[in-house]
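Presented below, as structure tokens, is a lone chain in the form predicted on its own.
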Amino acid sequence: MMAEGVEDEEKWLAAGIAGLQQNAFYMHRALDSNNLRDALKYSAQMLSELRTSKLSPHKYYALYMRAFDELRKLEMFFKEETRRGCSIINLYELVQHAGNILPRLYLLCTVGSVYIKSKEAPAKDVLKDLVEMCRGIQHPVRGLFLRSYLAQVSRDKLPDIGSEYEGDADSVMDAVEFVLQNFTEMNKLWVRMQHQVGHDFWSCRCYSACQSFILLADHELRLAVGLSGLQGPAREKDKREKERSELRDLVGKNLHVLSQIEGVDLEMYKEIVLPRVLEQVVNCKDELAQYYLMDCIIQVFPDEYHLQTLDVLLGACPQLQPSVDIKTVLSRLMERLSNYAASNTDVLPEFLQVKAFSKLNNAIGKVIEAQVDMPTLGVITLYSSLLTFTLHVHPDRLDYADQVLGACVKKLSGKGMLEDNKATKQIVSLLSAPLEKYNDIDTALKLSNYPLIMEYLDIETNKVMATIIIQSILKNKTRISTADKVEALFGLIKGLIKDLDGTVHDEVDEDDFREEQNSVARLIQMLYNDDIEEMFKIICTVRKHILTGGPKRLPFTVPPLVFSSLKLVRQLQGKDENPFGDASTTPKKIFQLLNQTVETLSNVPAPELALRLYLQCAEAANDCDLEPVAYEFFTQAYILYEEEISDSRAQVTATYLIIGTLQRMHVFGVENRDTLTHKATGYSAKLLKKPDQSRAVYACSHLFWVDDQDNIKDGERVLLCLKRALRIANAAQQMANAARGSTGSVTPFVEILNKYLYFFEKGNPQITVDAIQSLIELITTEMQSDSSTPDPAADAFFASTLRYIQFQKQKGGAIGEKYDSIQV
């Protein structure tokens, strides 16, 4: 049925265009021969095609535009006729003899345009006559297009200030009255469209009103005459609403014309124009019309007019139909006013003078009360727009911004966590506005209702908002410098700090989770205060929050906290402890906190990370000359190594970390150092792979010879380590030969040779030329052996080492003498 209806419309439109073009042809012929009577005859017949009721507004518009083009040509003919002496008054009377009212009125408007231009009568009189005569067409579609034509031909002929048609002192009022009257009648026609049954849907099938009613009510009869059972009232209403929406610009064009009238000043707009327009808007009681016309008022009239008439404009909002999308209307009004304030700071006093914020706030409250079924999204959107307005117009009034947030909290109270995605996105927009305006979370933290709004976000959106807050801090390099502010901040970003109720770990994307936690880690590094006591409070506050994060988060959040604490320790180096007790922050107190904090990682478990942090803490304690503290950190690191780290590669890495850190320690006495060194060498010798053992053992040689510590230069034990490493490397070669038939690479031997050379240069008396010479010969022999595996990298390494020896020999002096005895 729908396809048939479309095809029928196309046929009716084609027939209408054909009839119009045929009569237009004869009209053109009459115009060319200056035959006025025939021109009027055929033009009336041409315009009779616009009397159809079978076309939808979209199709009717196509027919109307063709007629409009022809009427412009007819208007030019009328102008020429008046120049040739034809009386415009007689012509104005003559066209009124057309048989049908619709062609008659189109012709009357066309001649009326020429009549006004001739200035033989005041423009206001002609316009008044035309707008009254157009009342004769009450069919909605035909009437709308007729009045649209009247508005089009008269818009440049209004008796406005500065216009050539300006009359007496009241001429502007006459122009306004004409446009308002035309607007009122067009709006009535437009609203009336919703009550049509269609484009004479029933009449075109020759049904009486009674029969039509029966057909609408009886399903079987509808099917019997070929009507779809789906063509019910709801479908018809949707169709009519769509058609009405297509025609809305015809009505709104009147308001645009009003806004262009020069004589409409603020006083006239306030006293006459706006009240009359709003009266029509409110009284029409039509959802579509009210929404569109309110939007038109906001868009076409100047910003300063809206500012000075806020009372009147806002007073109409609660009177609109409950189904009107008032949130969008008010949002656009506030957006315009916000942009107006942003574009010119000189107008800001006017906003204060008219109490714009108070009026908008009250109006929003009344609208929400009047529309009891307004969805949560609508409420949040209104307050989001009001907050944006407040931030632009009153950026210094944080109490206003907090008041808006508080009002929003009040309206959301009792609703619990929101599940509507659009509503939660709007809350994110609401909360982001202060961050974007001030570029400073510090300011947002002063808003007491800010965290209360976040309580209504679902878990995922809470994380999104927390990420936005952190990104704002990082982007603007905001300094959060007090423990109270940190407490408030971590309350806002708790969605990233810990698992909120209902979080399902399996659903978390690992990449997203890692990115979120890395952002938290960067945030922790941004927290700083020059005052040591306050900084320690900040560290304690952060620790309190991050320890609630669970095992997945601690590996991300504990390290930055540890390094922030160590930074504070270094600030305290050399300062005397407070003799009066626990009042002041001391390195010992911080190290106690660090010990407890890192311990949480060993329980996660994340033993490798915990070991690294223990060693970092030990090094910091070394710099503070706190031997017991440093020893305790090493002890914890060793316990982790022995009890938690079982992976062979992790053991190798951990061994090197222990050796490297221990080598830099100077705080230990002989007994403690021997204990720790003995353990480290023991770990080295127990590694799984022989090459790893060899490398770790010769690395231990550095534990017995430290350049800047005269008391740690034990040449014998260095030599023992190197010999032991050589034995292990040799054993590795033999095992490889037994297992694979080849001795493998000589790289470990070359590495050990380089260690020999290092300690030889440092003056270790136990490292002799003979030992070096024998090692060179050993390597040469291994490389020339038939069982050795070719290894270009090892060959290059050995050749480079020999070149180094040769270079040292050529240096001369003490170094040259030392190396002179080595044969290469």
Partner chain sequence: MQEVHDYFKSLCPDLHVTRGEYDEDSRYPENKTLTIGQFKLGICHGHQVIPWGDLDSLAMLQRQLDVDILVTGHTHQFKAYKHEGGVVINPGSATGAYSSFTYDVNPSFVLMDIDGLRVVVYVYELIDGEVKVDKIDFKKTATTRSAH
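In this text the structure is predicted, and so the values were computed from the model without any measurement. Numbering follows the first chain given and starts at 1.
If you look for the form predicted together with its partner chain, you will not find it shown, but the lines that follow are about it.
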In the model of the complex, does residue 62 have a heavy atom within 4.5 Å of its partner chain?
no
Does its partner chain come within 4.5 Å of any heavy atom of residue 620 in the model of the complex?
yes
Heavy atom to heavy atom, is residue 800 within 4.5 Å of its partner chain in the model of the complex?
yes
Indicate whether residue 755 is a 4.5 Å heavy atom neighbour of its partner chain in the model of the complex.
yes
If contact means a heavy atom within 4.5 Å, which one of 382-390, 445-453, 134-142, 562-570 is the stretch that engages its partner chain in the model of the complex?
562-570
Heavy atom within 4.5 Å of its partner chain in the model of the complex, from candidates 425, 522, 498, 128, belongs to 522
Report the residue, out of 672, 472, 663, 586, that has at least one non-hydrogen atom within 4.5 angstroms of its partner chain in the model of the complex.
663
Is its partner chain in the model of the complex close enough to 656, 702 and 796 that every residue in that trio has a heavy atom within 4.5 angstroms of it?
yes
